Ligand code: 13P
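Presented as structure tokens, the chain that follows is alone, the form predicted on its own.
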Amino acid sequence: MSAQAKELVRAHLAHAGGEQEMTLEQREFYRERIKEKLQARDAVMVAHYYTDPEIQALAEETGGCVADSLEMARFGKEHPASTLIVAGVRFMGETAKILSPEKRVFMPTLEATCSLDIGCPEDEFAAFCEQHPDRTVVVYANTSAAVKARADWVVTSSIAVELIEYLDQRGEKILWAPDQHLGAYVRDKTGADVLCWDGACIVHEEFKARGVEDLKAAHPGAAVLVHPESPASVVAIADVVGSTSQLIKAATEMPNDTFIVATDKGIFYKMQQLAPEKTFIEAPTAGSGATCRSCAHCPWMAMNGLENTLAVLQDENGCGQEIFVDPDLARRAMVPLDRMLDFGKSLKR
């Protein structure tokens, strides 16, 4: 990640804060009020695997969805509710609005963003594309609506390898943004000509290969599950490399009883729910002398809480946390998003 992008990320993180600790009684009060308000507002809640377990559970209990970004996009578009509450980060809310322009889309807080999004500003990205006009522009879902509108394709990690294989077979050279680790992974898997933007996820980039190897030595029967946003040295150790949904599937289907997991620890909620008899260990992001061996939780995902979710639902205007996307921008971004969704359907995913 460039120095300028890192500075932008630090500035955003300085404003990122979580909710105050609540008692069990307070949590139950908020949960019940949110359930009532979702029904009263004809709203459905969509949560990402990386949000806190309490938020994921609430989405499930109220008929919503807990999923990766591709399935969140599908669910929001197809659900009959007139209002969507998107618990995740801002690009997810924008995508929901683009795919469902007739619906009102709110987030618990619009401050919840993503280092990949921040690190790929629209103007700089447009200039990068103009320098390479012969390349097909493929952008990861973790980007702003404006960057998506500049792309030929949008892609998620669950279909990235298959899409790049498809484009490579058509003889196309790829300009990939913004995650350089995922871009390098698909390039290595496909052999395609992939030019990568200099971007990275602040969570996945911190996983340490040496630490994973030490854990494997301590747990010789454990399988290593790695998200491809991680550095190549960590990917090389993996038994399975895949998107959040693919890692969850591996955890439930593989015979191992212990897993070392190199992705955001929010995913443990679903893994433990589906495989309660198995043990899941966080991959380390720091050395043995550090205070926190694994700090693998996105600070922006953590900003989705009970208090701000209820506040948005109680106020008709959502406390100013409504997602708006310029109609012309949305129309242009819809083209590569539709391609992504159609391609995903062709893979039956």
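The structure presented is a predicted model; accordingly, all values stated were derived computationally and were not measured. In this text, residue numbers run from 1 along the sequence as written.
Form predicted in complex with the named molecule: not shown, discussed below.
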- [ ] Report the stretch among 186-194, 102-110, 119-127, 139-147 that approaches the named molecule in the model of the complex to within 4.5 Å, counting heavy atoms only.
- [x] 139-147
Task: Interface membership of S157, the named molecule in the model of the complex, 4.5 Å heavy atom rule - done: yes
Open item on the list: If we define contact as a non-hydrogen atom of the residue within 4.5 angstroms of the partner, is Q180 a contact of the named molecule in the model of the complex?
Closed with: no
Task: T285: touches the named molecule in the model of the complex, heavy atom cutoff 4.5 angstroms - done: no
Task: Q321, heavy atom within 4.5 angstroms of the named molecule in the model of the complex - done: no
TODO: Quick one: name the residues from 224-249 with any non-hydrogen atom within 4.5 angstroms of the named molecule in the model of the complex.
DONE: H227, E229, S243, T244
